[in-house]
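You are given structure tokens for the same protein chain in two forms, set apart as structure 1 and structure 2.
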Structure 1
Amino acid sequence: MKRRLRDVPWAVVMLLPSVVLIAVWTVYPLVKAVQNGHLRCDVTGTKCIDAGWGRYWDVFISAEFQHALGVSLKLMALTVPAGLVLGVGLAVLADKHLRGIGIFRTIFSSTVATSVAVASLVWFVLLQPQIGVFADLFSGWFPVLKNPGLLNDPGTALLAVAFSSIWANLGFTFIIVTAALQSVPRDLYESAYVDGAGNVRRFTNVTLPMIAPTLLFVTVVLTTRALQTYGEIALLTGGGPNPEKSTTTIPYLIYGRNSIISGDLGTKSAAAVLLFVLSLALALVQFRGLDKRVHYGR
């Protein structure tokens, strides 16, 4: 009995910093946001009344949220599959013992070091209609690059954001998938080779099943990141072009400087909680849906 409790003072001391920090900066804001989500506020944002759980439904079906939800889902569809295919492709290509392969690996990993701000501004500069390199190089084929500019056309702005995201996430996907590829036992390839399997067959029958858990993980991470896209929007488009608001994602609706709900704590909280529930639900669906096809082999 005494032994069981002897460590307790130490445990308290050692856990205290983390517990306090996580309680104040993660748990409390979550609980508070869930509470605040009940509030319906007047136009000035000063007077609020408790509208109960129904308020979440009201926010969910509101035109602004529905629009932002649509933008977020579109962005997800543009970035996740493409980012996954490109990252896996690069990793498979570089997964060979060739002279100098380390340099290529470093290059393909390099975008992992770019921050959201740096990546976004790189693309912001490159996509400028007057001085951007892309306008110089490709406006012959794609006049939109020059007039009005990829970021300024309501039809292409989200695509430009997607380019930036895919490029910025490429390094992450590449590193994770490369690590997974390297953990595939070589004798599996050799045995498949001896069995007469060609390159394609070896990829579909050995590589893919073996790295499936990692692909699942990367998919969930990329999906979550797509849903949480904020910095790219703030720096590339400011949620515009307006009035279409073609790149106002849910996070930008919540945090954007000139967002329509920026002064409304109740709606902001409700939208944030809805975003949380949405990403959690999507992650769960992905895990359940894909899990059946994934072998966590031993």
Structure 2
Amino acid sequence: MKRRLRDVPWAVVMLLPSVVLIAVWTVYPLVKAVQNGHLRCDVTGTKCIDAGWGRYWDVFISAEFQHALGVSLKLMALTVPAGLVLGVGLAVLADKHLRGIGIFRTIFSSTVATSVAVASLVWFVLLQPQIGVFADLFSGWFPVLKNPGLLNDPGTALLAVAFSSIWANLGFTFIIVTAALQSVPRDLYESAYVDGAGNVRRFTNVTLPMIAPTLLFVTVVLTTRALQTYGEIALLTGGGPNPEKSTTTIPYLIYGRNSIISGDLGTKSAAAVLLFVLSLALALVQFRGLDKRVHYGR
């Protein structure tokens, strides 16, 4: 017991740098945002008054925030299931002991080293109606690729952004799921094969249960990333096409250069806090709802 007490000062010294960084870069900004969320500012954003906690409800029910919330939820619905299925599918395909399979693993995981800016620029060029490869190859079947272009059409702009986001996150999902697959004991597959289980049954009865904790983790991460999508929106559509603003997500509403609340500190802070609460609530729901179906090998 005395030895443990003697280790406490060293533990404090070791933890202090991390505690300071978390306090300065996470806790303080969050507290400040909560305080600023009480403010109601004029059109110039210079004169603000403290409107109390009711300000959060006012922002939540506002037309701008409700529209951005709907767009964010649509983007989440487009990207999370598709990204998870594609990532798992590629990981299963690459989980083979074949000559040259490492090349495919490198290709599948390459997007993890691609920044949002680079990924968005690639898709911006590919989807351009004048010079884009997709417009030249497929405009005969899909005229919208040429006129007005996927990024310029209110009905397809969000879908195009979702493609970019899925592609950018695919490498992350592939790497995490591949690591989980390699940790599954091979004797389980051999036992299932001896019992007469085919590929589909081995996947559903062995693979999925064993990698379920990883899938839960990836689902939560992809959901959080979808709700925080900003870079793709800013670079590909700028929150447009206008006037529909069909790609104005909550992050773009907060930080976007063309956002209608760009000069309102109070509203932006309240929206940021609401986004944090929404992300936390969805993560908790996912953990509580899916955790009962997850096997941790205990």
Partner chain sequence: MAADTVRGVRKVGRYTLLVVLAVIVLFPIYAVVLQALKTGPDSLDHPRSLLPVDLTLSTIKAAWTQGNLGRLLMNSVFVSVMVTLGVVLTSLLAAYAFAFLQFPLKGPIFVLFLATMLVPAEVTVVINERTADSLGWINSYQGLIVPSLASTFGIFLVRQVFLQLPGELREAAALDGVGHVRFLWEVAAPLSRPTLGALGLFTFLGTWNAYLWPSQVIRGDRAHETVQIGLERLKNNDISKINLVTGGLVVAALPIFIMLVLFQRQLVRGLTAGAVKG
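Since the model is a prediction, treat every value here as computed from it, not as a measurement. Counting starts at 1 and follows the sequence of structure 1. Between two forms, the rigid core is the largest collection of C-alphas that superpose within 1.5 Å.
- Taken from the structure described as the form predicted on its own is structure 2, whereas structure 1 is drawn from elsewhere.
- Once the rigid core is used as the reference frame, the Cα position of V277 differs between structure 1 and structure 2 by less than 2 Å.
- For V19, the CA shift between structure 1 and structure 2 after superposing the rigid core equals 3.2 Å.
- Superposed on the rigid core, the forms differ at W10: its CA is offset by 5.2 Å between structure 1 and structure 2.
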